[in-house]
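Below sits a lone chain in C-alpha cells, taken as the form predicted alone.
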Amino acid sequence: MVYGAILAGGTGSRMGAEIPKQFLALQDGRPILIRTLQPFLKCPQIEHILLAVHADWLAYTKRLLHQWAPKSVVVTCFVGGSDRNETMGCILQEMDRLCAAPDSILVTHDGVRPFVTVDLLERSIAAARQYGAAIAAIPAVDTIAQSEDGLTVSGLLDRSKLIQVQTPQTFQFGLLRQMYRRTDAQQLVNMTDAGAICVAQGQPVHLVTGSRLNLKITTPEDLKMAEWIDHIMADDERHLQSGRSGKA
C-alpha cells in the first residue's frame, strides 16, 4: 500500500503573514496546502493521505478538506510535532496505528511545495520500491561559497558535486521506522529531514530528478514567484481544456 504524508505543521514566521503560509491563497482562492494536496489526490497509486498540521489549525484544516477534497479519497488529518523530525515521528506513529505493513511505501512532502506533479510522485514511489529510500533533487546551478565569519568568503565548493534536495522524500515504511528508532533525540536535532537521517545511518538514498518549479514557499518573494507559476499553469490548463473541447 502507498501512503502520502504532507508535513504542514509550520507557523510560517519568515513569511510575516497573519496566518501560516500553507493557508495563504493562490489561484481561484485555493490555499497553498490544498494546491499541494491535489496531485496526491490525483495520483492513482496513493491510497491514503496523512496530513500533519499545527494543533491550532487542525479544525481549520478539516474544514478546508471538507470543501476541497473528494470524499472518495481517504485523508487523515492529525496534529504534528514542534519541528520537522518530531512531525515525522507523529506520522510514523500514525502509520503504526493504521497497522501499515513494513513494505508499504510512504511519500513525504512539504505542505508548502505546491507544484509537485503526479509524475514526480510516481517516479519517487518506483524508486523507493526498488531502493528503499529516494529523494527528489536538482543540480546546483549557483556557485556555493563557505563563510566562516559571515562577512568574507572562506572557500568555494565544487558545484559539479552539489545538489539541491527537495521533496518528495519517499521510503519503505519499515526501513524509515528503523532509521528513526536508531537515531537518538540529540542526533535528531541536527538532522534536517528524513533523507539526512537515512544518510547518517548509512542507508543509500536514491536520487530522483526533481524540478526547479517544485519550489518551497518560505518568504514573501517565494510567494510572488508561486503566484506567477500558478497563474501560468492555470492558463496552460485552460488552453489544454479548450483544445480538447474543440476536438470533441
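None of the values given here were measured: they were computed from a predicted structure. Numbering starts at 1 and follows the sequence shown.
This protein has a second form, the form predicted in complex with another copy of the chain, left out of what is shown; the following refers to that one.
This chain appears without its partner; in the model of the complex, the one residue of His206, His48, Arg182, Lys42 with a heavy atom within 4.5 Å of another copy of the chain is His206. The partner is absent here, but in the model of the complex a heavy atom of Thr218, alone among Gln38, Gln201, Thr218, Gln187, sits within 4.5 Å of another copy of the chain. With a 4.5 Å cutoff on heavy atoms, Val153 counts as touching another copy of the chain in the model of the complex. In the model of the complex, another copy of the chain sits beyond 4.5 Å of every heavy atom of Ala128. In the model of the complex, another copy of the chain lies within 4.5 Å of some heavy atom of Ile229.
When contacts are judged by a 4.5 Å heavy atom cut-off, Arg212 counts as touching another copy of the chain in the model of the complex. Proximity of Gln146, Asp222 and Met225 to another copy of the chain in the model of the complex is complete: all three residues have a non-hydrogen atom within 4.5 angstroms. Of the stretches 69-77, 92-100, 118-126, 163-171, only 163-171 has residues with a heavy atom within 4.5 Å of another copy of the chain in the model of the complex.
In the model of the complex, no residue of 19-41 lies within 4.5 Å of another copy of the chain by any heavy atom.
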